[in-house]
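A single chain comes next, written as structure tokens; it is the form predicted on its own.
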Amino acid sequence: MDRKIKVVIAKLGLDIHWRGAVAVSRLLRDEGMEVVYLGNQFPEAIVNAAVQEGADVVGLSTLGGNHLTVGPKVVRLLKEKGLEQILVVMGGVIPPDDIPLLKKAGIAEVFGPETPIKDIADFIRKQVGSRIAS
């Protein structure tokens, strides 16, 4: 890939836990990606920012328990705009039983609090690369 992968990262809704999202934003930047951190946003604003920024990836961070409603809504709004190629990933403290539901709803991967940044970056590079190739 001859350009930087562009990642838009947002906290879902009114979730007040921001430290992890900021840390992941900085670490993905250090991995060579272009990262736009939105802070707290609702799905419509996240999707609009992804469109405006030309994002390859939307990263959603949540600890607030809204992951099963607000996360899939981001995926649905992207599909409604014909932007299925944008990869959506989620991070936070997510109950393991909810992860299959999120993946079924279109969240490509869910990363827990102890996930090494290299694992997240490698997943993004592989997924974005294959989406561009197809």
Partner chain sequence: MSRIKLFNEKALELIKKEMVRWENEILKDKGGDEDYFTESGIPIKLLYTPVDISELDYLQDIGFSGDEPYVRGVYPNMYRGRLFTVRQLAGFGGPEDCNKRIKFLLDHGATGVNIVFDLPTIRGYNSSDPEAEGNVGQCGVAIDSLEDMEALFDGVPVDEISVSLVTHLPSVSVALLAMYVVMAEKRGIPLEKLAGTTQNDFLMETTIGSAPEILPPRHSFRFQCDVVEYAARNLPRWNSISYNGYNLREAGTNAVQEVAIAIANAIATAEELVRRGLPVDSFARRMSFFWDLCNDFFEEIAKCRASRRVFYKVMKERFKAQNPRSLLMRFHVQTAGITLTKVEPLNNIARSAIQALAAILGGAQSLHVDSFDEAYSAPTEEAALVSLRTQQILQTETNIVNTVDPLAGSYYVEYLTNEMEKRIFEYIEEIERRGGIVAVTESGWLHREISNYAYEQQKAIETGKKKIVGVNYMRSEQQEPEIEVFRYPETEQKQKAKLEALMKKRDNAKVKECLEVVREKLKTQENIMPYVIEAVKVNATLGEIEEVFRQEFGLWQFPLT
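Numbering follows the first chain given and starts at 1. Only a predicted model underlies this, so the values are computations on that prediction, with no experimental measurement involved.
Another form exists, predicted in complex with the partner chain; not displayed. Remarks below refer to it.
Across the proposed site, 14, 66 and 97 without exception bring a heavy atom within 4.5 Å of the partner chain in the model of the complex. Using a 4.5 angstroms threshold between heavy atoms, residue 51 stays clear of the partner chain in the model of the complex. Using a 4.5 Å cutoff between non-hydrogen atoms, residue 83 does not count as a contact of the partner chain in the model of the complex. The shortest heavy atom separation between residue 70 and the partner chain in the model of the complex is within 4.5 Å. Residue contact with the partner chain in the model of the complex: residue 26 places a heavy atom within 4.5 Å of it. If you take 37-56 and check each residue for a heavy atom within 4.5 Å of the partner chain in the model of the complex, you get 37, 40, 42, in sequence order.
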